[in-house]
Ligand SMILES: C[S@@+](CC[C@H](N)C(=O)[O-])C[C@H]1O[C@@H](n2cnc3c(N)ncnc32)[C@H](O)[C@@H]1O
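Only one chain comes next, encoded as structure tokens, the form predicted on its own.
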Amino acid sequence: MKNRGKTALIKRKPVSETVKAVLPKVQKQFAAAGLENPRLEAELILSEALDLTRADLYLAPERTVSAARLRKIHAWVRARARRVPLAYIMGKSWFREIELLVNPSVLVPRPETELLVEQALELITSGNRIKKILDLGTGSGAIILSIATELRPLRDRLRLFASDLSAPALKLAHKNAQRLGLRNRIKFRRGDLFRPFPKDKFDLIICNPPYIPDSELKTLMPEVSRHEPRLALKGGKDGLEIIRKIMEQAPAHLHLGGWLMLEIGKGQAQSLKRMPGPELKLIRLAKDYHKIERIAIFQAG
């Protein structure tokens, strides 16, 4: 009986596998979980876990996956099958020219927000004499850090600020700024909307606000509805609750001729056209890659 007990305590030696064997298994699990691109996501998981490029997975299919790496892959696959966003699993995401740390305290940066930055860069560099810029509700810092990175030649001209209500999000934005060598370029402040800036005026305020109507939150993809921060998504009954507050308060924080740029939701453009008061004029609506009016650009009159 003693020998049997000792035998029962002996752990089976972890089994290693090859890339060629692991990849189709992961793809199959992702397909069963209903992921839209199971093969692509399987490649991304394996390449990140093994410190390889996606091409390497096919150039060296007989490469052995160690037991330790295999355990990591299995943990990541289980999480992704539960629809945890891939960016949260890997702890990072890519946005325009920069790599950002991300976690569940912030939204995963999206292509629509890259368009917001693109519009801002165009405005800043088109002779509008923009100097002082605020990223309102910065999250991971994607917007302001992209501006600082891509406009390094203008560093002596631009004064950059960012704020967020969430302390964990602001902490992460600080980390991203430090990793990118931009810690001293941006002043971060914590607070709701313009409260951290009671007397400040800016030349450009840029924001990706919460704009999802409350009734639509449960209909979003599981990655978003189950895992991304509700505070950064919830836009009230019609999705415009926070946007209205921003538009009411922004004129007091804009220089004459200053600009306000907002990312907005599908179908919200018509409502925005009716909202500006005499102090804000809607200059332009920019469409995203799906031809949806996604970026609203206002100017203070």
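A residue's number is simply how far along the shown sequence it sits, counting from 1. It should be emphasised that the depicted structure is a prediction, and the values quoted were computed from it without experimental measurement.
Absent from the display: the form predicted together with the ligand. The rest refers to it.
**Student:** Quick check for you: of 131-139, 175-183, 216-224, 80-88, which stretch puts a non-hydrogen atom within 4.5 Å of the ligand in the model of the complex?
**Tutor:** Going through the listed ranges, the match is 131-139.
**Student:** Please state whether all three residues 109, 165 and 209 have a non-hydrogen atom within 4.5 angstroms of the ligand in the model of the complex.
**Tutor:** Answer is yes for this spot.
**Student:** May I ask you to check whether residue 193 falls inside a 4.5 Å heavy atom distance of the ligand in the model of the complex?
**Tutor:** Residue 193 belongs to the contact set for the ligand.
**Student:** Can any non-hydrogen atom of residue 232 be found within 4.5 angstroms of the ligand in the model of the complex?
**Tutor:** Taking the distances in the model of the complex, the answer for residue 232 is yes, it comes within 4.5 Å of the ligand.
**Student:** With the cut-off set at 4.5 Å between non-hydrogen atoms, does residue 113 touch the ligand in the model of the complex?
**Tutor:** Yes, residue 113 lies within 4.5 Å of the ligand in the model of the complex.
**Student:** Check whether residue 120 has any heavy atom within 4.5 Å of a heavy atom of the ligand in the model of the complex, and answer yes or no.
**Tutor:** Result no; residue 120 lies far from the ligand in the model of the complex.
**Student:** Heavy atoms within 4.5 Å of the ligand in the model of the complex is the criterion; list the residues of 48-62 that meet it.
**Tutor:** Nothing in the stretch sits within 4.5 Å of the partner.
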